[in-house]
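To begin, one chain is listed below as structure tokens, in the form predicted alone.
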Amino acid sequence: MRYKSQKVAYWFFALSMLLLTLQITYGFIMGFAHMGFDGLHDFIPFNAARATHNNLLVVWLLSGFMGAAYYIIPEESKHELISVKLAYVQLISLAVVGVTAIIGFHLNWWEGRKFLEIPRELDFLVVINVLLFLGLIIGTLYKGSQKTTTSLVLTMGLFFAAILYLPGMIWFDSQTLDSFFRWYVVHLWVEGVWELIMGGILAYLLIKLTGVDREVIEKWLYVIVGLTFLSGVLGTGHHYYYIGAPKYWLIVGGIFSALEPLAFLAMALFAINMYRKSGRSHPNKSALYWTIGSAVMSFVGAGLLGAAHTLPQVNLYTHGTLVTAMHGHLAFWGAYAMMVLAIISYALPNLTGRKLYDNAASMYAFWLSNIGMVCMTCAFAVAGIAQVYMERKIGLDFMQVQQEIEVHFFGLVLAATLFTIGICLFIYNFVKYGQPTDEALITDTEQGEVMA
């Protein structure tokens, strides 16, 4: 690392690893419940487990994005963070809000709005936390001696993610209006501004790992930003088909949902093309694998599988079924989870000075987690298609269908076990690196020698 304040990123990454572990735990609780083994129901009802699983995903990804920003922005702006103490305050408050929300779910303290279950009182604390974070990032950029396209796109994504959280805080008595604005948060995060964050981190990693000129890589960022806003914003309409919104959303949502894979295809081609242009082989193969893998898996999960079931003629049957879970799991994994793991894999050796990326654990972590996630996606697909046929074509009762597809969750749990082994190996490697140290600081001259 080149700046002492970059060490803050390590603790955000550590929080991400802890929350990821909890998320996987709740995933298993739901998996066994779907198989009929719901012995924890009196303590952890299924709805509480589901809300906890979903919200832990959001929080650990946000913690990872924040850690990435705290690592990338000082280096890109050539300036230390303007306040390390406030960054730690922001970290602690983020953890406190997250833990409070999780406890609240188990005590029936929540709003009950899908994906935005966090209680309204905690919403205001989230806003304060994110404003503090943005103040530190934007202040560092302002005081820095350079402002790169990579840092600006990353910051723009983080800024709009904060702005688009606000529509979810508006109170409506109408369920249609509430659902309409709720998707401003849910969809425009994951298929809009989060893609800008992904693009910024992806560009940074490719610059560092491939050796391709910054100018070439950052030109691709403009293409990604354009495609993201063209398809992602209007593609929100595929959530409006059946909630009472005007009928024109069938046309708008259908057309632009079909275009959404283009942004992810651009990212995948971008990453692969930059790697092929690379004139050198970076020793951190683990970070490179996660980076290229993220671009490819996001195209398959978010792009292809998303388009496969969001067109109106298909979504009429698949909406709210396990087909949605099929798309959601691979999309979040490829587009965002893998990108967070990529920046962690790149940053840890630089933060700690320990080069542990060329070991068996790091490679097994990559392959086992990805194979496990692909198998989970297949299990969700089989169960979802069976559910659609029995429930929405034949007309069987919902709970009767759930009993019929229990067998598919046995395969899902096996796949999840393989995935978990991979994640455990990643976390093992994370712990093995140890904490960051000032001895890992390098000068500009040493940086040039490393790049050579």
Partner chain sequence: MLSKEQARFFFLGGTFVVSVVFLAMTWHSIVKEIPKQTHEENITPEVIAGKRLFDENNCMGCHTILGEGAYYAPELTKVYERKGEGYIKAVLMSPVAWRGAAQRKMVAYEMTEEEANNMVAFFKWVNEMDLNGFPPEPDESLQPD
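Positions refer to the first chain, counted from 1. These figures come from a predicted structure and were not determined experimentally.
FYI, the form predicted together with its partner chain isn't displayed, but the following is about it.
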Would N47, L188 and L234 all count as contacting its partner chain in the model of the complex, using a 4.5 Å heavy atom cut-off?
yes
Stretch in contact, per heavy atom within 4.5 angstroms of its partner chain in the model of the complex, of 188-196, 289-297, 128-136, 265-273:
188-196
Contact assignment for its partner chain in the model of the complex, among Y364, F159, Y88, F172, heavy atom within 4.5 Å:
F172
One residue of Y357, Y165, F332, F180 in contact with its partner chain, assessed in the model of the complex (non-hydrogen atom, 4.5 angstroms)
F180
Taking heavy atoms only, is H34 within 4.5 angstroms of its partner chain in the model of the complex?
yes
Does at least one non-hydrogen atom of T176 fall within 4.5 angstroms of its partner chain in the model of the complex?
yes
Under a 4.5 Å heavy atom criterion, is Q402 part of the interface with its partner chain in the model of the complex?
yes
Contact with its partner chain in the model of the complex for F43, defined as at least one heavy atom pair within 4.5 Å: yes or no?
no
Using a 4.5 Å cut-off on heavy atoms, which residues of 232-263 contact its partner chain in the model of the complex?
V233, L234, T236, H239, Y240, Y241, Y242, I243, G244, A245, P246, K247, Y248, W249, L250, V252
